[in-house]
Every structure is written in C-alpha cells, then in structure tokens.
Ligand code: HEM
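Shown below, as structure tokens, is a lone chain in the form predicted on its own; questions about how it binds or moves come after it.
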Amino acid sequence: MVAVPSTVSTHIGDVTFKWSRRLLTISLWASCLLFGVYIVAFYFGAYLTDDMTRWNVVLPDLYRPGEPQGSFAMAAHFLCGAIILMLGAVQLISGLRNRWPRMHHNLGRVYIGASIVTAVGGLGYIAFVGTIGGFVMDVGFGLYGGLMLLAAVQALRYARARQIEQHQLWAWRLFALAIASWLYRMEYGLWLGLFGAQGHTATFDGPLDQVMAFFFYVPNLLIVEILYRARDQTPNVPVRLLASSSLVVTALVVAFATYQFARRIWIPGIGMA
C-alpha cells in the first residue's frame, strides 16, 4: 500500500469537516426558517385575527381566556422567537461578518433585542399564567428564559467593549439557546415516532416531559463549551473524519424530521393563516 502523505490526509480531513459543517448548517437553517414562518403564521396570525383558541390545537391550555397579560407575553415570545430562529444561523456565517461587518452589527442588534423580548415574554407568561406541566416545567422553562436573557445581555456587553472572543462565546451560547425551542419540538417528534407516548402525558407532567423541561437546552450549552475549548486544538484526521460523519448523519436526521413536521404540522399551520 502507498502511504498517504500526512498533509494530504490533513487536507482531506479539513475539507470533509468543512463541508459536513456546511451541510448541517444548511439543514438547520432551512428547518429553523420554516419553523419560524410557521410560528408567525400560526400563532401570531391567530393573535392578529382574534382566533386565540387556535393556540390550543397544538399546545393544550396555552391560551386561557380572561388572562390578557399572559396572552400578550406569549405573543411577544412567539414573534421575537421566530425572528431569532431565522437570523441566528445568518449571524454565525463568518463570510458575512468579514465582508459586511455593518450588516452583521445591525442584524446583531435586532437579534439580541428579539432575544431579550423572547426571554422576557416567556418569563412573563410563566409568571402570569404558569406552564401546563406545573412546577418542574416552570423551573426548567424559567431557567431557560433566564439563561437566554443573560446570554443576550453578555453578547451585547462584550460586543460594545470590543472583546470579540468573549462576544463570540456568548453569541454561540445565545444561538444554542435560541434553537432550543425548535429542538424541543424535534426531539419530542423523534421520541413519539420511535417510542410512542411512553413517558409523556397530555398535561406534560410525565417522566419524559420532566426530563425534556431541561434536556432541550442543557446539552446544547455543553456542546458549545466543548467546541469552544477544542477549536484551537491541532487537527486530528481520524477525529475530524468521525466528527464529519456524525455531522452528516445529524444533518440527515434533521432533514427527515423537518420533512415529517412540515408535512404534518408546519405547512398545514401556515395554510391556516
């Protein structure tokens, strides 16, 4: 056998890793974009047309007549949540940051502002109404909203201080939290497709529901910490190839789950607007 030069192997590993990341980014952005459009059309559309009972079709007891503060807080949460889903992946594109820094800065202000409103709206809903799942869900979702608010404020603070490395770290954390609401649906969909309703109850207080109150965002933050600390490490070709394979598989799973959600829920929901 002819040995492959280490420089060639490294190049192959780098290229494979680069394109697998792009594939995952495209699938994530496309899915989040479609989900964001669905959120605006279905939930905020119902708010504008005074058909609030439509909210309860997908999430039981989300809308409660006679509690306008909670409805307003959740409408703000939905609208701004859709904005951050659609802008998040764009803000992480290095080419955009380098070629059009002013656009990156302006979109960043919108992104951070929408993130703050999303967090405050969700926290306001918990305070005024409470989640369907009770205490555990209140704690899990409340912590999620608090962390999103913290990440948004810190990303803005470090950007203004021109501490770019810390700004990027907090921006990554904010992105990981921003896509968590999308992941919450995707993970439930995959579980229900594989195992049915085992562990899940209609009132979202079953064992699965209590785990999911934290699981949809905590692993995201752990992954960000690992990636941030490993980004300056010397590339290891076998590890890069393994990571690339994992990214491709993840991209395919995201694409499949997106297709299932779009066909059954998102596209019909958009059509109801």
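Note that this is a predicted model, so its numbers are computed, not measured. All residue numbers are counted from 1 along the displayed sequence.
From this point on, the text means the form predicted together with the ligand, which you will not see here.
Quick one: which of 96-104, 194-202, 163-171, 144-152 gets within 4.5 Å of the ligand in the predicted bound form, going by heavy atoms? Of the stretches listed, the one contacting the partner is 144-152.
Complete contact of V90, G108 and I112 with the ligand in the predicted bound form (any heavy atom, 4.5 Å): No, none of the three is in contact.
Check whether Y158 has any heavy atom within 4.5 Å of a heavy atom of the ligand in the predicted bound form, and answer yes or no. Output for Y158 is no: heavy atoms all beyond 4.5 Å of the ligand.
Please run the contact check for I126 against the ligand in the predicted bound form: heavy atoms, 4.5 angstroms, yes or no? Contact check for I126: yes, within 4.5 Å of the ligand in the predicted bound form.
Given that the partner is absent here, does A213 sit within 4.5 Å of the ligand in the predicted bound form, heavy atoms only? Heavy-atom contact with the ligand at 4.5 Å: absent for A213.
Can you check whether M137 is within 4.5 Å of the ligand in the predicted bound form, heavy atom basis? It does: once the ligand is placed as it appears in the predicted bound form, M137 has a heavy atom within 4.5 Å of it.
What residues in 194-225 sit within 4.5 Å of the ligand in the predicted bound form, counting heavy atoms only? Counting only heavy atoms within 4.5 Å of the ligand in the predicted bound form, no residue of 194-225 makes contact.
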